[in-house]
Ligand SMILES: Cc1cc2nc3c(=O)[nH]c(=O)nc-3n(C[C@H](O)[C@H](O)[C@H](O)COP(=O)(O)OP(=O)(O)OC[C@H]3O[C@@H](n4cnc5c(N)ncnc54)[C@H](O)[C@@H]3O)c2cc1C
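As structure tokens, one chain now follows by itself in the form predicted on its own.
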């Protein structure tokens, strides 16, 4: 199948891109890497007469530490750039490791973090990680900017809170700090995750003070399992295994999964439990590392 004909626009500012999206309501869509969008159009699952290429907008690029220690990743930053970033490796080694596992090198060289989030694909490993990390996204248009949690941005499978004339500008991850660790684990078949789990753990005075757990691929949309994180709070090294057992049971109960080509709902609940134990253990070890 071939991609239907479209007109390509190449704006150089957020305002210009926003005006183009507003000029062609329902007919225009922003894109950067196009790894998901162009494949969807080729399969006839979507059709747009105008594609707005945002790769030349400087405000959407780059990786940097912001005031307060927040890590800013521009929307047009590719998976490969994140994977190879020394700054990400220093601040968020678990994210760097995750990005090395996204699809294949061809996809990572082209696909962008912003495109991945805006497509709201259920099999989004970065979305799961950012949910667990407590990240926020910044959106912009000709009318101004707004910021919201990743949890609020991803409204459902293939659906986000982005307005038609808005662009995702960047993602901002809370600062690394002593006693904080991140973990991620997944199982994939033929480069498509069957289940993935991300975890952030904060340790204070030898006990888990806060924990966030997110799941993707096994459910319809990446989701934060708040009750599961709460089961880990208060655990110390000596009783961590018991706390992990309780968290695994809570996750298997709370995750809303389904049968598909990757396995039955029961099998995927089992996978979520196994991956949660691995991700939480990695997060705890990083948080307590001297």
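Positions refer to the first chain, counted from 1. These numbers were taken from a predicted model, which means no experiment stands behind them.
In what follows, reference is made to the form predicted in complex with this ligand, a form of this protein that is not presented.
- Contact with this ligand, judged by heavy atoms within 4.5 Å in the predicted complex, is confined among 234-242, 32-40, 219-227, 251-259 to 32-40.
- This chain appears without its partner; in the predicted complex, the one residue of 107, 148, 209, 87 with a heavy atom within 4.5 Å of this ligand is 107.
- Of the candidates 133, 168, 154, 82, 168 is the one whose heavy atoms come within 4.5 Å of this ligand in the predicted complex; the others do not.
- The three marked residues, 70, 72 and 181, fail to reach this ligand in the predicted complex, with no heavy atom of any inside 4.5 Å.
- This ligand in the predicted complex comes within 4.5 Å of a heavy atom belonging to residue 60.
- Proximity of residue 54 to this ligand in the predicted complex falls within the 4.5 Å heavy atom cutoff.
- When this ligand is considered in the predicted complex, residue 192 lines it closely, a heavy atom lying within 4.5 Å.
- Taking non-hydrogen atoms only, residue 92 never approaches this ligand to within 4.5 angstroms in the predicted complex.
- Taking this ligand as positioned in the predicted complex, the residues of 124-154 that bring a heavy atom within 4.5 Å of it are, in sequence order, 124, 125, 126.
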